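Take a look at this one chain, the form predicted alone, written out in structure tokens.
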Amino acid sequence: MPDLKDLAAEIDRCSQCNFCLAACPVYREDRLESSGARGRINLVKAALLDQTLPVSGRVRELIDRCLLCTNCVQTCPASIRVDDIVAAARANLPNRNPAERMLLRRLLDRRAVSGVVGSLLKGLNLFNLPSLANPPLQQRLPAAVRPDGPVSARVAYFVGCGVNYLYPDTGEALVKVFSANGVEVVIPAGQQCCGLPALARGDKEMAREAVRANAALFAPLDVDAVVTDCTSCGYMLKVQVTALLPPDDPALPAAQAVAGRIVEATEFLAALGLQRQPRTQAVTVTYHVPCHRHWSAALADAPPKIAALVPGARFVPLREPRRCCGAGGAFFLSHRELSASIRGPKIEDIVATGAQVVLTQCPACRYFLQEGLGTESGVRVMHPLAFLAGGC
């Protein structure tokens, strides 16, 4: 992520065409010009670059009311990097919350999350966490898992924080399904957070630390691909890492090498094909497409293809599969009402399909959609590989 002053020309490329408005989840809710990408980057320019507008509490609030979903970037004819501009603007806002930075630091090096930080999150009642994995997924998995039969591919598995601490069933499903289909899975010890949570809060240096550490860990590995089951981790590892590091950073070549091998796990398996026929699952399935999808052209097509491979499964598409659910990583923690409002139409869309299973690759989407649906609905939200593992 460049410094804000280096993004001034990027802001000036905006032609004020308004295409971004229809793509912005926040604008679709409040219909305020300042909530759309165009209005937000104009605000950043006036307050932080030109300094013709004071940095008031309202300015801070509007800069903070962005999910960094990148839907505006995907819609923009000029592909203006609005998410980079907003993240850089946050880096220029002083007096960030020290407790928030402490939490990010713990996530970065993955120490004591299930202990000190987990207790802190519970105590502050920031949100109704699922039971934290104890031990985390990384401590449950061996260094490598080889298939029983011939090996058709060898991959390294990047374990995201959401899966590591909240949804280890996803990682266990990945290892099970890949192994059943002839793929050796290497799980390097010492992995750190991908760095996206820190970047989203404007902490570039903390994000760079994570990038450098993970690049040094994954670059030397002799594998066909580095797979991740989280689309946001994939976006960070594939796209953001090389823009985040300075051109003269010694870690840049390793980061670029890793970025070139990043593949979303569902997409990798769909392209490889199955060696083992899944068992029958007589359920109706639908699919919520995560917002962080544009880094891979085939990412959004893979889960329906996987669902079609399960005998008995009936796939019913959502009316708006790519509409944001409102989670936005950790956005929903500090914007509960707004996020719930964004989520409302998505829940209605899911219910209308009659699906018993909702597939999505994003842990934040999984949590927030399940919370909105409720356990009494009988609808389960899961990763596509977890669904496939149920039939293995």
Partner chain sequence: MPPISGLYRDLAGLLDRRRVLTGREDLLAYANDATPARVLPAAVVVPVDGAEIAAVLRYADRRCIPVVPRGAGTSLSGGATPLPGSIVLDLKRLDRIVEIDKANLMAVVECGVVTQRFQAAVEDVGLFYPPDPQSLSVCTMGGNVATRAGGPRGVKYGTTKDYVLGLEAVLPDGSLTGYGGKSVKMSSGYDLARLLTGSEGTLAVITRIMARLLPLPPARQTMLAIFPELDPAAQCVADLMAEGAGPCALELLDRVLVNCIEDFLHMGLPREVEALLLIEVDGYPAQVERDSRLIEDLCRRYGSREVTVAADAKEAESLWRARRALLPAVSLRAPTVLTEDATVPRSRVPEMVRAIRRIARANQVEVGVCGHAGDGNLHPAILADRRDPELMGRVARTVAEIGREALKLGGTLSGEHGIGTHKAAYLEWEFGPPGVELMRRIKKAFDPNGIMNPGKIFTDG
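Positions refer to the first chain, counted from 1. Worth saying up front: this structure is predicted, and the values here are computed from it rather than measured.
What comes next is about the form predicted in complex with its partner chain, which is not displayed.
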Exercise for the section: Just one of 322-330, 340-348, 66-74, 52-60 has residues with a heavy atom within 4.5 Å of its partner chain in the predicted bound form, so point it out. Expected result: 52-60
Exercise for the section: Assess the spot marked by Ala298, Leu309 and Ala389: is its partner chain within 4.5 Å of a heavy atom from every one of these residues in the predicted bound form? Expected result: no
Problem - Partner contact for Ala46 in the predicted bound form: its partner chain, 4.5 angstroms, heavy atom - result: yes
Practice task
Would you please decide whether Asn18 lies within 4.5 angstroms of its partner chain in the predicted bound form, comparing each non-hydrogen atom pair?
Solution key: yes
Exercise for the section: Although its partner chain is absent from this view, report whether Tyr367 comes within 4.5 Å of it in the predicted bound form, heavy atoms only. Expected result: no
Problem - is_contact(Ala78, its partner chain) in the predicted bound form, heavy atom dist at most 4.5 Å - result: yes
Exercise for the section: Give, in sequence order, every residue of 17-46 that has a heavy atom within 4.5 Å of its partner chain in the predicted bound form, or say none if there are no such residues. Expected result: Cys17, Asn18, Phe19, Leu21, Ala22, Tyr27, Arg31, Leu32, Glu33, Ser34, Arg38, Gly39, Asn42, Leu43, Ala46
